[in-house]
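Here we start with a single chain on its own, the form predicted alone, put down as structure tokens.
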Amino acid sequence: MDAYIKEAIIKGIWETIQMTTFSALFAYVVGLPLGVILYVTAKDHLFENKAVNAVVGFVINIGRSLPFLILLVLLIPFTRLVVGSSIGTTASIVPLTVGAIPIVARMVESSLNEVPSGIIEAARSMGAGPLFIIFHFILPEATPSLLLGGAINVATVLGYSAMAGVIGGGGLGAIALQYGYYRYEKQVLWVTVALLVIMVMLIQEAGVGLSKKVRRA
């Protein structure tokens, strides 16, 4: 393998980490509150509201139903508006974030649904208000599940980042496409695939480890 390809792969690893980290972070900034809203507005929950739950759920379901490659293309004008370009590592963060938000929201909702209703009833019996219950009972109780779900979400974003190379995004996906596919350099293709697999496994193990540590605490 040529030296310039090795340098490109090293750069691709760093770009992939950048895209994954920032996209996952921004997705949680929006997706976590949306997931909480879905949970608390559901039937028999703290802020039951069928209209809000239906609207938020509908929007999230639309986002989840769109294949990511199609979403990449649809968001090109929006990406240009936000960052001034539709290609490159920074530009890829926009569609990655948008694509991850509905996944995060549903994962958060699922984690919160695992909280035993008895904990909420006990908090209510002590006179705790709805917001106090959310921040001091529900979210702390759901933390292990949220961490595990977070690892899955980050791994999903990492997988999406590889697809961003199709429209000029950076990272390992772009290297796999440019060198491994277009130039028929199979060694590069297999190296980039192996690196992506290793990164996903590390993320998953970190999430499982953190989740177990929090459960024991």
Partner chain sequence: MAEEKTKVYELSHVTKIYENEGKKFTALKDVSLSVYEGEIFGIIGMSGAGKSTLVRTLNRLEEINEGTVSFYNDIIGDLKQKDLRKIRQSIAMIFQSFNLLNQKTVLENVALPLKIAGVSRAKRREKALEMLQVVGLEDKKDSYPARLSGGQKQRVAIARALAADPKVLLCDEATSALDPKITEEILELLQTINKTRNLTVIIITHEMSVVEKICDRVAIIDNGVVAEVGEVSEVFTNPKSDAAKRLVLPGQDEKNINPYDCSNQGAKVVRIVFDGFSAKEPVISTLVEDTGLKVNILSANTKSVGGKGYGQMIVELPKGEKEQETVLDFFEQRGIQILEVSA
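Numbering follows the first chain given and starts at 1. These numbers come from a predicted model, not from an experiment.
FYI, the form predicted together with its partner chain isn't displayed, but the following is about it.
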{"item": "Interface stretch in the predicted complex with its partner chain - options 120 to 128, 105 to 113, 67 to 75, 85 to 93, non-hydrogen atom within 4.5 Å", "value": "120 to 128"}
{"item": "is_contact(Val214, its partner chain) in the predicted complex, heavy atom dist at most 4.5 Å", "value": "yes"}
{"item": "Arg80: touches its partner chain in the predicted complex, heavy atom cutoff 4.5 angstroms", "value": "no"}
{"item": "Within 135 to 173, the residues that have a heavy atom no more than 4.5 Å from its partner chain in the predicted complex", "value": "His136, Phe137, Pro140, Glu141, Pro144"}
